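Here's a solo chain for you in structure tokens, the form predicted alone.
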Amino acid sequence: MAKTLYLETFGCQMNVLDSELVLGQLRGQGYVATDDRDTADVVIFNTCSVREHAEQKVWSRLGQLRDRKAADPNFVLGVIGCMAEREGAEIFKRNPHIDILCGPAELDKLPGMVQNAVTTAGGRNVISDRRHVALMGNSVRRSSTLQVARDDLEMLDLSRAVSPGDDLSQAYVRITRGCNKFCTYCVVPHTRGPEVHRPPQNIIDEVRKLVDAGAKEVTLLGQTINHYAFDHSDGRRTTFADLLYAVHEATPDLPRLRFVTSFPRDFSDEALDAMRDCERICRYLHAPAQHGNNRLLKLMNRGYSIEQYREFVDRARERMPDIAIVSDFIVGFPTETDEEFEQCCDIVRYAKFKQSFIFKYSPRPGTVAIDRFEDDIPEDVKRARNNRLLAVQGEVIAENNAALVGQTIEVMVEGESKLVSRRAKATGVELGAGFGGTARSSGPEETVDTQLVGRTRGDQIVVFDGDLSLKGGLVNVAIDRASQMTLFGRRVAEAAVV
């Protein structure tokens, strides 16, 4: 009987992609994915260290499985990802029932580690005898020393498996690994290593594979994606702008191409021109400002001033007035004053961000900030500033959404909305689960629309009535009204104008 695997992912899109690749490799070894953690033969947590809250969830999950491991020595438990790399052997000290520890730069080794753990599980009495560890800190940081095209980790990306039944309407493709920025609050350069850029042809081939398998939207991934630059053996260099043009031209059947995350200081005019010129590249930029005050930006080692960030926003909007720009912010960074915090509110209003991911500062072990700066902002002040910035961003979102009322917008359908359609409620009809709006009552079979949810090219959420068979497709929706977070409309046949 095939062994079952439960894989839970925490953190960013890069971790989501890593989990997809790992799952594909393990499926190739005969493992079957399951949503039931309590009965799975193998449980793996793909972890994140960027925020303390994400780590606390993992510690809790591991504690919950301690008794199961004691009762069933054949059960295999693994921790992979950034937390595994950052914590290292400390995880074993706190949770000696763990079998596998694997950092993000060594994930190509994971299938063999799982197989070895399964083979030895239950066969020995000493837990440490069957531990399997692969971390950058324990080996040469090959991602910085070997050509990516010859790296086994590159093969993990290229060999991604596409299985029948996989939902590939939205897919991720990595173009860079690691980060060179060393922002004082961030652990990513320590857990994922230095920047390494994949060969452009490998990226194009992978995108083509996904499009052939049905992908309607592909998101290119990188910690600082616009740093992409691949130097060929003949002296040529493929820049990020070159790559955008190449992927767009090579995949004419791909309706939408996105990318995240961008570093604002280094975003070139050429890359902005590529976004403007290529009609299927979404006009969406995730370019974290992190703060609105120059002194705090310097303490964070961001490498730019708020004036330079504003200039970047201006360059983007000059070319694409309808572009959606998304930011990240850290509030309550050490020594932040009320006046300096208010400058975060100012840049949110100026840039008219489509959305901001706002976090209270929390010291992260292994970062420069935890050693250099005292965490001197009280928790209640952090919370108040967090709520204040959320409120300002909410006002901006409401204004942005209100401006879209009356327009017809292309929407990619993600599935059924959490809200059941008013029409279905009014008729008292219970929608059949998974049957695209087909509803059954005590009388003859009746078909009704349900509420669907989808996203625009600018990543705005749109809710409208439609049939579930539209899931994964592109439709045009006339926007009739807007709330602070959601657009509401009706499907129309006219060509999209946004």
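These figures come from a predicted structure and were not determined experimentally. The numbering used is simple: start at 1 and walk along the sequence shown.
There is another form of the same protein, the form predicted together with 5'-deoxyadenosine; it is not shown, and what comes next is about it.
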property	result
Heavy atom contact within 4.5 Å of 5'-deoxyadenosine in the predicted bound form, the stretch among 276-284, 91-99, 326-334, 211-219	326-334
Any non-hydrogen atom of residue 407 within 4.5 angstroms of 5'-deoxyadenosine in the predicted bound form	no
Contact flag, residue 453 vs 5'-deoxyadenosine in the predicted bound form, heavy atom cut 4.5 Å	no
Partner proximity in the predicted bound form: residue 66 to 5'-deoxyadenosine, non-hydrogen atom cutoff 4.5 Å	no
Touches 5'-deoxyadenosine in the predicted bound form: residue 186 (any heavy atom, 4.5 Å)	yes
Contact assignment for 5'-deoxyadenosine in the predicted bound form, among 42, 470, 463, 50, heavy atom within 4.5 Å	50
Listed residue (227, 354, 364, 174) with a non-hydrogen atom within 4.5 angstroms of 5'-deoxyadenosine in the predicted bound form	364
